[in-house]
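Just the one chain here, the form predicted on its own, laid out as structure tokens.
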Amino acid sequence: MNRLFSFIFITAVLWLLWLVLAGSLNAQEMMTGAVVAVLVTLLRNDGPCLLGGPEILHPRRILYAILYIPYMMRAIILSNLDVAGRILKPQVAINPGIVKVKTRLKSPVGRMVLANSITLTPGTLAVDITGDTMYIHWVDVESRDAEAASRKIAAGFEKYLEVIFG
């Protein structure tokens, strides 16, 4: 019964996503979306589902996902200002390098979102992920210590992503 519910839930979410992206409720769009949703759900090969099932709709997770958006925007803006300041004042020293960052996130999707969030903030770039370790290119390495770099680069993002993705 649990597998059937999971199949129906994932198919419904994908179908609704199709309808939102299509922006139309005509019969042809609805049928095409339904067929594609069923096929994608069947082809997922019983692996881990990106959506995480119905528990992803827990109110606390939704709240943290909503709060993550302004946090991410703030991080991007502050990083842009920092990098712009380094460009406009060339006398500001930079110390580029690759640092090791440990993440607390257990979910592969959560780790992927963390890596993408780090990459979206100017001055940092996720280079590699191996298990719970990420290698980040940082425009101004403040510390080579993995714990200090993790606190500076990833901890703010992890606070939200840990609740959203587990």
Partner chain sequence: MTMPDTPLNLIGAVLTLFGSMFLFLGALGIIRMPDLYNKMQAGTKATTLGNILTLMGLGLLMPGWLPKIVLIILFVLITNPISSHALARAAHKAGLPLAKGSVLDQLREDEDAIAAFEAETQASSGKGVDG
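Since we're looking at a predicted model, the values are computed, not measured. Positions refer to the first chain, counted from 1. The term rigid core refers to the maximal set of C-alpha atoms that superpose within 1.5 Å between the two forms.
The same protein has a further form, the form predicted together with its partner chain, not shown here; the description that follows concerns it.
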| property | result |
| --- | --- |
| Non-hydrogen atom contact residue 110 with its partner chain in the predicted complex at 4.5 angstroms | no |
| Interface membership of residue 123, its partner chain in the predicted complex, 4.5 Å heavy atom rule | yes |
| Exercise: residue 17 in contact with its partner chain in the predicted complex, heavy atom 4.5 Å | yes |
| 4.5 angstroms heavy atom contact with its partner chain in the predicted complex for residue 138 | yes |
| Non-hydrogen atom within 4.5 angstroms of its partner chain in the predicted complex for each of 27, 32 and 38 | no |
| Residues in 88-108 close to its partner chain in the predicted complex, defined by a heavy atom within 4.5 Å, in order | 88, 89, 90, 91, 92, 94, 95, 96, 97, 98, 99, 100 |
| Is_shifted residue 90 between this form and the one not shown (CA, 2 Å cut-off, rigid core) | yes |
| Rigid core superposition, residue 29 Cα moves 2 angstroms or more between this form and the one not shown | yes |
| Residue 155 C-alpha shift between this form and the one not shown of 2 Å or more, rigid core reference | no |
